[in-house]
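Taking the form predicted on its own, here's one chain by itself in structure tokens.
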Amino acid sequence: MKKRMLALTLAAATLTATALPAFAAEYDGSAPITDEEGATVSMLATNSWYSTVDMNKADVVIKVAENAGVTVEWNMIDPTTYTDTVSPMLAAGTDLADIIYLPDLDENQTYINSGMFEPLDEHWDLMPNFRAYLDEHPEIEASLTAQDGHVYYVPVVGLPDNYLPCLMYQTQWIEQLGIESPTTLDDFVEMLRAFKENDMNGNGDTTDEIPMSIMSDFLPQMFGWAFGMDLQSGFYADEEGVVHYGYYEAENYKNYLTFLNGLYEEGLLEMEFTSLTRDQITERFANNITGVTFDYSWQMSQLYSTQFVEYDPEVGGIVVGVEPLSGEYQGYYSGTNPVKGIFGVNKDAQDLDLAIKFIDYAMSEECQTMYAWGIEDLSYTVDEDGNFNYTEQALNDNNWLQQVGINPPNLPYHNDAAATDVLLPTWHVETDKKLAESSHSPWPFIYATEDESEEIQMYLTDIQTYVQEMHIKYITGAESLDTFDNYLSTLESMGIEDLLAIKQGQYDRYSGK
């Protein structure tokens, strides 16, 4: 009798195992993530920046949830009011969603220290997609690792090297002068002088040319590295790992200011540079009265070159990005930090494991393809060679493409260079790929300890305000460079050495990870 009962028990177990659906009890990173009927996850995130787009109805957002086998209860808030709306909710810490898009990067670990979010590294068995991504991108894992050694957030990832701000020349003026595009500071100045002194637009007036049109915020990016400093990030580490503050460099920063003051005095950097807008620069190119600007690479073909009636995207650009300028030091373009936003999992989630699995699946390659391209045969196709291409409607109707759900701000998308490339002329893509080779990594995103945060807040705002004020004064000559030693002394009295010590400790900690 006992043998017969054992046989029946084993048979029943076999039937039960055979009857299970395709979903495996051990999550492997693929969909569906659960076999539970009516499984639900709640998420708090931003809606689209496009007023005509509702991410609740976006095909991609709907498809991700369908594939996962869950119902997502969305609370999507207008991005323009997101911080003001969500910050009080997080401060209260009650009635929050299972998964939350944070209003900032939590650099001071405020939310981490509150104990609100689950340490995700304690659940790597439920996060194969995220774990694999961090293995491939150790610099992002180092940024996301908190002081206590845990990883709490899943990132939104941007392009660190592509489509960066860059120097752009008006190629017709270059060709008219019969010169090569300058790559050194000396040759660049000679080109500006030629632009200023000649009738480059051929209208018979040699006084209406404006050699260079640049918004003031871009000046540090344009010239800093040629003098050996990252003035975009401000803080940077040299090859030996020693941290510097570019605006506190006694020799290099003074040389930079002397150079720009010379451009200003000579009229090669116009008097109105502090108030110049992109719209004004665009109008100048439309009237063919300026030859140089500095702006996001995207604007080469999408804004500036299109101002010329003779522009043919099949032939090439008219306002084209060029290599960064070099001086005593090699020139670079300042890259960007890849972490653009973060999602955390509420430790009080209704079903913690399900929430963790869902945000992991949302990081999967399958989902990233949808974020970049949309839905196959609706917004993109794949040819026999495996190449992705947007459909005609996707290419010609950006609002429709946004409605499909491209780069959904309510999910952890990664910007995809290939999906951007297909929207641009070949000459632009080739130019951008070349410029990306000249990018320099910025100061990394690093979490501050509580003590560090207090000290940084004590010093940094006042220092930056003073630096920005003196930056303009020295360039315009409102303050003589004879007072530069006093400037350095003032920074020292404001605590710059203490701030550098903090930043050095942060960088050492980051490098160790």
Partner chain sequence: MNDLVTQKGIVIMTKKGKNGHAVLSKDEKKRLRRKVWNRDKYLVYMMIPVIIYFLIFNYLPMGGLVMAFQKFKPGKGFVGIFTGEWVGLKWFRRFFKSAYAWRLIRNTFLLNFYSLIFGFPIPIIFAICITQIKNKFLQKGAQVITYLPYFISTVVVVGMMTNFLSPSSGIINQLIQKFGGEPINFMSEQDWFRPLYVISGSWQSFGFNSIIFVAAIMGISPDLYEAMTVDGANIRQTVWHLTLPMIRPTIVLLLIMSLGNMLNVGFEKVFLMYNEAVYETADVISTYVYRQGIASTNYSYAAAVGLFNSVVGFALVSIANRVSRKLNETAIW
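Since the structure is predicted, the reported quantities are computational estimates derived from the model, not experimental observations. Residue numbers count along the first chain shown, from 1. We call the rigid core the largest set of C-alpha positions that still match within 1.5 Å between the two forms.
Form predicted in complex with its partner chain: not shown, discussed below.
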{"item": "Options 440-448, 463-471, 57-65, 32-40; stretch whose heavy atom lies within 4.5 Å of its partner chain in the model of the complex", "value": "463-471"}
{"item": "Its partner chain contact in the model of the complex: Leu500, any heavy atom under 4.5 Å", "value": "no"}
{"item": "Non-hydrogen atom contact Asn486 with its partner chain in the model of the complex at 4.5 angstroms", "value": "no"}
{"item": "Heavy atom of Asp84 within 4.5 Å of its partner chain in the model of the complex", "value": "yes"}
{"item": "Exercise: Glu454 in contact with its partner chain in the model of the complex, heavy atom 4.5 Å", "value": "yes"}
{"item": "Partner-contacting position among Gly93, Gly241, Gly267, Pro138 - heavy atom within 4.5 Å of its partner chain in the model of the complex", "value": "Gly93"}
{"item": "Selected contact from Gly262, Gly149, Gly202, Pro88, since only one has a non-hydrogen atom within 4.5 angstroms of its partner chain in the model of the complex", "value": "Pro88"}
{"item": "Residues of stretch 91-123 in contact with its partner chain in the model of the complex (4.5 Å, non-hydrogen atom)", "value": "Ala91, Ala92, Gly93, Thr94, Thr110, Tyr111, Asn113, Ser114, Met116"}
{"item": "Cα displacement of Glu239 between this form and the one not shown reaching 2 Å, rigid core superposed", "value": "no"}
{"item": "C-alpha of Thr207 off by 2 Å or more between this form and the one not shown on rigid core", "value": "no"}
